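Here we start with a single chain on its own, the form predicted alone, put down as structure tokens.
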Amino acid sequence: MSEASKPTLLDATGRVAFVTGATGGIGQAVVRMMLDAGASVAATGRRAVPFDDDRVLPLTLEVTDEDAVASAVQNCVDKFGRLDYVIHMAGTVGKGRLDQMLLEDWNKILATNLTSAFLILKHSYKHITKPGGVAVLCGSSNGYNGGSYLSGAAYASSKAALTNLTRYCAKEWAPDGVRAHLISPGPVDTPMLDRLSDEQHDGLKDALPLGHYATADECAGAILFLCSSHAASMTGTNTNVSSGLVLDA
């Protein structure tokens, strides 16, 4: 099949994406694919964002700080003049047994994974294109199946809560023509998994019917599909990218 005849996953020419977690594996892949699709991107992270492109606005952002979130979204709109796709990939993982978890760690993980999503959605809503805007949050297979000590109780709980936050926004924003989605990866071959031992990797892969980790590009491709016209009749969805770890009902 020639390049000219290949189907286009997303034509984002003239569109603008706001991407959090752009220093992480999935976030970086989303930024790259959005640029390839023709978008301009406000790319945010806690540390320097690794993109040298005139169409990228790099922003350092603490996603749990409401004033900082509001300012970052405004900077995006001031720079590019619009906002079409809000892709919230920032998050943090925990570990260990529930009875051994400190309250401060519980609060930090919920703030980073759940409260940040509320803040991003709250402050992007007035700017997002209506109709046609799309928001995508980052869930996890842990939000389906309860997770394990490898990521901890707070991580699983925060990711499960994002499912209903997505559904809520899907219903509230539908009259404006704005769609909301959740993508829920299982284990993804990114630096987030570097914390695991070889034995833990082997056990995790053995639990995957497909036998391999998902890739950041596979997750980013699913996100671009959800932003595209191919998904125009989809909203409130939870997209499972888990190599079969979770089998949807």
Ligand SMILES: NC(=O)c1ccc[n+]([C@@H]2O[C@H](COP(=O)([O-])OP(=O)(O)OC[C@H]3O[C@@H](n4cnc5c(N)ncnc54)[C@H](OP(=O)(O)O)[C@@H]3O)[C@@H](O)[C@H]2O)c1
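Residue indices: 1-based, along the sequence shown. Remember, it's a predicted structure, so these values are computed and weren't measured experimentally.
Quick note: we don't show the form predicted in complex with this ligand, though the next part is all about it.
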Handout entry: Partner-proximal stretch of 138-146, 72-80, 95-103, 123-131 relative to this ligand in the predicted bound form, 4.5 angstroms, heavy atom
Key = 138-146
Practice task
Indicate whether V188 is a 4.5 Å heavy atom neighbour of this ligand in the predicted bound form.
Solution key: yes
Handout entry: Exercise: H212 in contact with this ligand in the predicted bound form, heavy atom 4.5 Å
Key = no
Handout entry: this ligand contact at V63 in the predicted bound form, heavy atom, 4.5 Å
Key = yes
Handout entry: Heavy atom of R55 within 4.5 Å of this ligand in the predicted bound form
Key = no
Practice task
For the three residues T23, T112 and Y155, verify that every one has a non-hydrogen atom within 4.5 Å of this ligand in the predicted bound form; reply yes or no.
Solution key: yes
Fill in the blank from the handout: When this ligand is considered in the predicted bound form, the residues of 35-62 having a heavy atom within 4.5 Å of it are G45, R46, R47, L61, E62
